[in-house]
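Just one chain is shown here, as structure tokens, and it is the form predicted on its own.
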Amino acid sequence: MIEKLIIEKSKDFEQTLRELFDKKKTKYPPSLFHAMEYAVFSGGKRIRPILMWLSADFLGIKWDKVKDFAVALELIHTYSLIHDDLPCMDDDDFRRGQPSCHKKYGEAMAVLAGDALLNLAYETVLEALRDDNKLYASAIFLAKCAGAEGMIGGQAQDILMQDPTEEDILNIYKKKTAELIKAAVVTPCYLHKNEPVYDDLNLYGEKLGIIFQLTDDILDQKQNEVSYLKKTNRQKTIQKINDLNNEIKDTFKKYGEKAHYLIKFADYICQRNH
């Protein structure tokens, strides 16, 4: 059931992204546009936008209210992947089974494509704010999650950390991966007045983000990356995934059927390691 929902929502969101890119096609230099388009439409599952939809639905907030933020979040995620793959970072030649952006379009154009996607993300957010200034707090939260206090800060720690402990690695994961997951589920909260719900979704985003990175460790064991799996072992990593998921379930069981899809989505992410 959750798999079907993910496929349906992913297709819907793909169309939303396509409409945005169709509007920009004649406004950008062709080579830059094609590099951006290549990176965005390279087969991602749109996990973060789907999570934002699930969170908004859980809170009773209409999708149209947060759709532009979901677009911005996906653009931010994509720019981070382009830059992650560069030779000065992770030096990956492939992304999702295809040549990475810098292998396809060259390093300089890949850097510019990432920069342009980040700017397009904030352009999209600012246009949403023009229509509804109640989203102001949501915009600040998204920017912090993506910036030096969040994802970028975690990536910097990842590069600089020497012989990290298990706890160090989990703290890196909280920033470099969990912050954008948290942005997906918490951003709609600023249109909601129930603070305990905010706290619970904040916890959900953080724990699910760590789960996501731990399952990535199992699926994609890169030689030079900081990894909880390499620091421990497969059994302990899977146990950590299950422990975090159980903590999510314990927190959200009080919401009953209302939290069904959020819980099932966490199960879906956990099962990526099997």
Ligand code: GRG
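The shown structure was predicted, so the numbers you read here are calculated from the model rather than taken from an experiment. Residue numbers run from 1 along the displayed sequence.
What follows is about the form predicted together with ligand GRG, which we do not show.
The stretch in contact with ligand GRG in the predicted bound form, judged by heavy atoms within 4.5 Å, is 212-220, chosen from 212-220, 30-38, 55-63, 234-242. Contact check for Thr124: no non-hydrogen atom falls within 4.5 Å of ligand GRG in the predicted bound form. Contact annotation: Lys249 falls outside 4.5 Å of ligand GRG in the predicted bound form, judged by heavy atom distances. Not displayed here, ligand GRG is kept clear of Tyr204 by more than 4.5 Å at the level of heavy atoms in the predicted bound form.
Contact between Arg95 and ligand GRG in the predicted bound form is found at the 4.5 Å heavy atom cutoff. In the predicted bound form, every residue of the candidate spot (Lys45, Leu81 and Met151) has a heavy atom lying within 4.5 Å of ligand GRG. Checking Leu129, Ala143, Met161, Met89 for any heavy atom within 4.5 Å of ligand GRG in the predicted bound form turns up a single hit: Met89. Thr177 is the sole member of Thr177, Gln157, Ser138, Ser100 with a non-hydrogen atom within 4.5 Å of ligand GRG in the predicted bound form.
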